[in-house]
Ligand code: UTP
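Only one chain is given next, in structure tokens, and it is the form predicted on its own.
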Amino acid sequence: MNDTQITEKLRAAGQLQLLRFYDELDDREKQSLKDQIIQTDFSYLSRFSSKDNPASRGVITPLKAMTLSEIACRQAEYEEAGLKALASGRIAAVCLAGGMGTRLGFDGPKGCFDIGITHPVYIFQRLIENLMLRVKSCGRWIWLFFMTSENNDEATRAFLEEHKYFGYDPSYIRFFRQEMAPAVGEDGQVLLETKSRIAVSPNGNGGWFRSMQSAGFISLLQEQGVDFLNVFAVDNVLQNICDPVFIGAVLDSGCASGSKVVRKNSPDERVGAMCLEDGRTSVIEYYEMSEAMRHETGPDGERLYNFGVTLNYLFRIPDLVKAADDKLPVHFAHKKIECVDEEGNRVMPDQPNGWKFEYFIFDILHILDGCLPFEIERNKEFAPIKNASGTDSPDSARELCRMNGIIL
């Protein structure tokens, strides 16, 4: 794309202000800004006007999960079917690893955080060791994809290479960057972080498929005969990845997706709950639920909105490809965004001064035809590391690892 085409791209998007300081830049800065303009998707901006009229939620009703007791009755059958799918190469794993360890007081990718006590044990290491168990049980390597971010891509690749991928065959590992979305001011104009750099932010956990598709990996997997993706968060060190029982149950259900869920510790636990919205799978956030809804029970005395999401999903690729033609709803986050003003002065806001665009992964569930909520044992499969201390912290994860016989 030449200079004229770059200018035309900005003019079409109504964003020529991004070249405001262009003549002040040196050659390196000019090229950097042009490269970023070429890579930036300005189509997000067409939906900015809808932020003031967010879509109201549809009719929310309960969605029954497959419970532990129901799973136990057919566990051997599900496991056999899941192992068969794994052995035939139909399943790949996708780790959403774009986050940094900032909230943990760690200056690096969250997956590089050390939770060891007597020796180093890294989050990435725990996840790969978990997946290695599946490799051994199905007798073949499983494709493993890491979604990184602009902030941690280089460090993530270098860390895993330095540690020789913790024994995983690197020929079955691929990396792709999460796409970035431009950040805009209150007037809908894209902000400049510096005179030579557009202000951008990750496009949310729902952007993983779009990013993976842009990297060319979906077509690669289809050529390899892979038709399901197990997508999971980086911060749960007890993730049971490519769980054959889970896979078998989803295959048997005929659903386009599956979601691992846990029973909520209490009605007020701050976790999104599986539900139906206008008859289609969805997630209702804890802050969206009324007090009555949190405590509502069915005929059996069980709370109706009692299964929280763990960010471990199984998606059928053909359905994802088909759904990609439908635009996911964009969510708008009002944030404090560091930028430069019209005179080029640095702005460090103490109040929200702009908007970021995000996709949410549960919106993908809503588009697809059916999702199986699959209950897991919290103490065996759910040890997220989100906070520096207290609940969902390194200390709580270490204790759960100890309870499961994992030596740290």
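Rigid core here is just the name for the largest C-alpha set that superposes within 1.5 Å across the two forms. All residue numbers are counted from 1 along the displayed sequence. Just so we're clear, the structure is a prediction, and the values are computed from it rather than from any experiment.
Omitted here: the form predicted together with uridine 5'-triphosphate (UTP). The next part is about that form.
Enquirer: Please tell me which of 97, 212, 92, 190 lies within 4.5 Å of uridine 5'-triphosphate (UTP) in the predicted complex, judged by heavy atoms.
Expert: So the residue touching uridine 5'-triphosphate (UTP) in the predicted complex, by this definition, is 97.
Enquirer: Please tell me which of 185, 202, 108, 272 lies within 4.5 Å of uridine 5'-triphosphate (UTP) in the predicted complex, judged by heavy atoms.
Expert: Residue within 4.5 Å of the partner: 202.
Enquirer: Give a yes/no on whether residue 235 approaches uridine 5'-triphosphate (UTP) to within 4.5 Å in the predicted complex, heavy atoms considered.
Expert: Residue 235: yes, in contact with uridine 5'-triphosphate (UTP) in the predicted complex.
Enquirer: So, residue 398 and uridine 5'-triphosphate (UTP): in the predicted complex, are they within 4.5 Å at any heavy atom pair?
Expert: No, no contact at 4.5 Å.
Enquirer: Indicate whether residue 178 is a 4.5 Å heavy atom neighbour of uridine 5'-triphosphate (UTP) in the predicted complex.
Expert: Yes, residue 178 sits close enough to uridine 5'-triphosphate (UTP) in the predicted complex that at least one of its heavy atoms falls within 4.5 Å.
Enquirer: Residue-level contact is defined here as any heavy atom of the residue lying within 4.5 Å of uridine 5'-triphosphate (UTP) in the predicted complex; does residue 101 satisfy this criterion?
Expert: Answer yes; at least one heavy atom of residue 101 falls within 4.5 Å of uridine 5'-triphosphate (UTP) in the predicted complex.
Enquirer: Check, residue by residue, if 71, 247 and 380 all come within 4.5 Å of uridine 5'-triphosphate (UTP) in the predicted complex, counting heavy atoms only.
Expert: No, none of 71, 247 and 380 comes within 4.5 Å of uridine 5'-triphosphate (UTP) in the predicted complex.
Enquirer: In the predicted complex, which of the stretches 226-234, 299-307, 155-163, 136-144 has residues with heavy atoms within 4.5 Å of uridine 5'-triphosphate (UTP)?
Expert: The contacting stretch here is 226-234.
Enquirer: Note that uridine 5'-triphosphate (UTP) is not shown here; using its position in the predicted complex, name the residues of 382-402 with a heavy atom within 4.5 Å of it, in sequence order.
Expert: Only a single residue, 386, comes within 4.5 Å of the partner.
Enquirer: Superposing on the rigid core, is the Cα displacement of residue 84 between this form and the one not shown 2 Å or more?
Expert: No.
Enquirer: Would you say residue 335 moves between this form and the one not shown, meaning its CA shifts by 2 Å or more once the core is fitted?
Expert: Shift at residue 335: 2 Å or more after core fit.
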